[in-house]
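The chain that follows stands alone, in the form predicted on its own, written as structure tokens.
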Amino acid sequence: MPRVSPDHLQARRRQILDGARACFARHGYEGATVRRLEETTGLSRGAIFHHFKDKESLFLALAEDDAGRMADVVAEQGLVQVMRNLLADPGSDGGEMPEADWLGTRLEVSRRLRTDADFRLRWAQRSEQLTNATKARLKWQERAGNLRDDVDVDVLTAYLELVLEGLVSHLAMGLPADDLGPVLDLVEESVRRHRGP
């Protein structure tokens, strides 16, 4: 039997995650049956579950992957940029993951956190990545003298995360988002240091 290269294994894993993201976004966790996962990934159940122990492990890996991608954006541009990306047309940024699919995964994580204690325990081990990236970015802005100095970084982190959750809920309800750019400008401005004349 020929050996499979690490690059091939990584490409296959990426194919599974990308297909699963679309499947979970379209059908939710319960509706993402093994048959639907096979259809959206283009792979057999054997190939899928060779890489992931079960559907929940696949979903957790997907949610963790999305959190990692968001953390990368936060590290470079801040959490408000993640929110701006959500408002952009899906896939308009030249091949990045479609925001609509990311939103579906994020909503499913929120729902499962409310309703599934076992999932909540497993997710708690993985959910720090975005918070840590946001805190690190804010501390970098603080050292650069760009961050307001009258509010603790932990409070600003919690504030930005609440705004993100509010935006996700807004989009989940199908409410108009075309005019939210100025709202995000205000959020961004609210954490900046204002220097006197």
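Residues carry their position along the shown sequence, with the first being 1. Rigid core here is just the name for the largest C-alpha set that superposes within 1.5 Å across the two forms. Everything numeric in this text was worked out from a predicted model, so none of it was measured.
We do not show the form predicted in complex with a further copy of the same chain, though everything after this point is about it.
Residue contact with a further copy of the same chain in the model of the complex: L186 places a heavy atom within 4.5 Å of it. The closest heavy atom approach of A11 to a further copy of the same chain in the model of the complex falls outside 4.5 Å. Heavy atoms of A172 reach within 4.5 Å of a further copy of the same chain in the model of the complex, making it an interface residue.
The shortest heavy atom separation between E64 and a further copy of the same chain in the model of the complex exceeds 4.5 Å.
Taking L60, L156, A133, A32 one by one, only a single residue has any non-hydrogen atom within 4.5 Å of a further copy of the same chain in the model of the complex, and it is L156.
Exactly one of the stretches 23 to 31, 136 to 144, 160 to 168, 40 to 48 approaches a further copy of the same chain in the model of the complex with heavy atoms within 4.5 Å, and it is 160 to 168. Relative to the superposed rigid core, the position of the CA of L17 differs between the shown form and the other one by less than 2 Å.
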